[in-house]
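Let's start with one chain on its own, the form predicted alone, as C-alpha cells.
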C-alpha cells in the first residue's frame, strides 16, 4: 500500500471516529486502534501512540468550552489527576512487558464495557443535602449553571473515586484511550456528581492523563508522525463537525448503532488477541 493511500484511509477513518465519537460521548481511540491494527496492520504500540496524541488534541479543544461555561469542576479534575497521571505513566511503562496479544484482549474487554456504558440509561446520582468529610476538607463541592439557575451539589466517597481514577489511568496509559467511561463511573456512580459535571470534568481530565503517558511513548519512539498526524487531524475535524451536528441529531439511535459496531470491533480484537495475530 502506498503512503498516500495509507494516509487517506487513516484520515477518513479518523474523521469518522471523531464525528461519531463526539455524537455518542466516546473518544476516537475505540475506532482508531482497531482500524490501525486490524485493517492496516500497524503495530499496536504505534497505534496506541497515535491514539494518545489524538486524545490530547480533542480533549484540549472541547474542554475549553465546558470550562468557560462553568460546568467543569476544575478543582475535582486537578485533584483526581494526581491519581490518573501517576497511574497513566505506570500503564504506559507496563506495555513494554506485556505481550501485544494480551493488550488486544484487554482492549477488547474495555470496548465491551464502553459499549454497555454507552447504551445504559443515565441516572443522575447528585445530592447536595449531604457531603463527604474529605470533600469538605479539600473544598471539592461545587455548583454549575442550568436553564433554571445555578445548581449546587455535594461530593461523596472521595477515596473510592480516587481509587477508580487510578485504575482508569492505568487503562489509559496501557491502551492509549481516554478511559472516559471509567472516569464517568468514578465521578457519577461513586462520587455522585451531577452527570453533566462528570462528563465535562472527565473530558477535561482525559487530555492531561494522555499527556502523561504520551511522554513515555514518545521516549520509546512509538509516536510516529506519519500515523499520529493524520489521526489527529481527522479526529479533530470530525469532532468539530460532530459538535455542530449534536443539537440536530437523534443521538439515542446513533448510540445503539455505534454500540453494535464497537461490540463487533471488541470481539475482533479479543479473537485476534487470543489467536496471537496481533
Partner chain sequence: MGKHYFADKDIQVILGTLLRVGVIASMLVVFIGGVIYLSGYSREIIDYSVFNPSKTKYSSILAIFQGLSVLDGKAIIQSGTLLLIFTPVTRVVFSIFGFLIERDYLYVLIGVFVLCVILISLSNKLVG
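As the structure is a prediction and not an experimental result, all values here were calculated from the model. Numbering follows the first chain given and starts at 1.
Unshown form predicted together with the partner chain; subsequent notes refer to it.
**Student:** Please run the contact check for residue 119 against the partner chain in the predicted complex: heavy atoms, 4.5 angstroms, yes or no?
**Tutor:** Taking the distances in the predicted complex, the answer for residue 119 is no, it never comes within 4.5 Å of the partner chain.
**Student:** Quick one: is residue 243 in contact with the partner chain in the predicted complex, heavy atoms, 4.5 Å cut-off?
**Tutor:** No, residue 243 is distant from the partner.
**Student:** Can you check whether residue 72 is within 4.5 Å of the partner chain in the predicted complex, heavy atom basis?
**Tutor:** Within the cut-off, so yes.
**Student:** Heavy atoms within 4.5 Å of the partner chain in the predicted complex: does residue 182 have any?
**Tutor:** Although the partner chain is absent here, residue 182 would stay clear of it in the predicted complex, with no heavy atoms inside 4.5 Å.
**Student:** Within 4.5 Å of the partner chain in the predicted complex - does that hold for a heavy atom of every one of 196, 253 and 258?
**Tutor:** Heavy-atom distance to the partner chain in the predicted complex: none of the three under 4.5 Å.
**Student:** Thinking of the partner chain in the predicted complex, which stretch from 110 to 118, 81 to 89, 173 to 181, 186 to 194 has heavy atoms inside 4.5 Å of it?
**Tutor:** Within 4.5 Å of the partner lies stretch 81 to 89.
**Student:** Determine the residues of 178 to 194 with a heavy atom within 4.5 Å of the partner chain in the predicted complex and present them in sequence order; the list may be empty.
**Tutor:** None of them.
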